[in-house]
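First, one chain by itself in structure tokens, the form predicted alone.
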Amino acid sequence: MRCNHTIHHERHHYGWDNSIDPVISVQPGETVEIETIDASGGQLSEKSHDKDLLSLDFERVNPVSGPIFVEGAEKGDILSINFLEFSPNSQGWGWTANIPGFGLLADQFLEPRLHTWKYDSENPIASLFGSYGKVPLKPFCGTVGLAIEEKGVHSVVPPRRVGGNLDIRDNCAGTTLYLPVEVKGALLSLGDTHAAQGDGEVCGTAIESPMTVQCTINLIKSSHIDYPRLETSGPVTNHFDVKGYKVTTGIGEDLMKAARDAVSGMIDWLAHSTGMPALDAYMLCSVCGDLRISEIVDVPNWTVSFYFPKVVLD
């Protein structure tokens, strides 16, 4: 597909800051090709080991390529980003990690663990998780956002009303994402591309993989939204649904505890039924399992469910 502009991966930055000079300026309706680097900012590679996670510089984590100045964009407008294509780099690799101190069950899994993935970059369909299973791939953009109005440098790690580290796996090809504009030109940046991720990203990482993203940028003038919205172009789980799911639950007054209980239950189930170590099951849950709020109205207890696709274990 013909693109009006290209941003190479060298043109990236760390943190949201509305004083960063834009890399390019685009007109609404134009298509941009954006190269990203992996979420480690190039600190990890196919040759990295578990111990390398202990020396990660977190100031260099989650780099985003950009920013892009959108002509005519002003505070109070909406920027729309239609994702057209995700192309892995020629290496066809990614990584998933348990980073000590990070993740939903960080208090249960204390040791570093790094798993590297390989897949066909020309046909990214699935990737093996050792001898335990094969994960269907669904490339998407984990971090995509606009500059915030408040001056200074702000971390990329937490999501914000203008987007950022959303980690919504359905921000994939065919989806249109809508973001509220807070500054002139919007200043769009994106990165943190994933080859696959489950809803919740429970261990804190997905299949972190560098990619080239093609998207068309449009502008909706004088139309207000409080938080990001998106529209998908079709089914969102058909790559997982074919064999059904294993489902565990957590129930109680605290949604976070219920979420932890649901994930812990699935880790126990997978470890017992497959023989894989619990830490491997935790990482596998992060890249392909879905954490859902099943019920939030039956006071005083809420139900959280964790869905693990059985097709992965075939």
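Note that the coordinates shown come from a computational prediction; the quantities given were computed from them, not determined experimentally. Don't overthink the numbering: it's just position in the shown sequence, from 1.
Just so you know, the form predicted in complex with another copy of the chain exists too; it's not on screen, but the next bit is about it.
Can you check 283-291, 64-72, 25-33, 42-50 and let me know which stretch has heavy atoms within 4.5 Å of another copy of the chain in the model of the complex? Every other range fails; the passing one is 283-291.
With the partner left out of view, is Val202 within 4.5 angstroms of another copy of the chain in the model of the complex by any non-hydrogen atom? The answer is yes: Val202 has a heavy atom within 4.5 Å of another copy of the chain.
Do Asp298 and another copy of the chain come within 4.5 Å of each other in the model of the complex, heavy atoms counted? So Asp298 counts as contacting another copy of the chain.
Using the partner position in the model of the complex, report whether Leu54 sits within 4.5 Å of another copy of the chain, counting heavy atoms only. Although another copy of the chain is absent here, Leu54 would stay clear of it in the model of the complex, with no heavy atoms inside 4.5 Å.
Wondering, does Leu104 line up within 4.5 Å of another copy of the chain in the model of the complex on heavy atoms? Because a heavy atom of Leu104 falls inside 4.5 Å of another copy of the chain in the model of the complex, the answer is yes.
Within 4.5 Å of another copy of the chain in the model of the complex, heavy atoms considered, which of Ala126, Val183, Val236, Cys172? Among Ala126, Val183, Val236, Cys172, a heavy atom within 4.5 Å of another copy of the chain in the model of the complex occurs only for Val236.
Scan Asp241, Glu149, Glu111, Asp120 and let me know which has any heavy atom within 4.5 Å of another copy of the chain in the model of the complex. Exactly one listed residue reaches within 4.5 Å, namely Asp241.
Pro228, Val247 and Ser305: each with a heavy atom within 4.5 Å of another copy of the chain in the model of the complex? Yes, the whole trio is in contact, each within 4.5 Å by some heavy atom.
From first to last in sequence, which residues of 255-293 have any non-hydrogen atom within 4.5 angstroms of another copy of the chain in the model of the complex? The stretch 255-293, when checked against another copy of the chain in the model of the complex, contributes Leu255, Met256, Lys257, Ala259, Asp261, Gly265, Asp268, Trp269, Asp290, Leu291, Arg292, Ile293 at the 4.5 Å heavy-atom cut-off.
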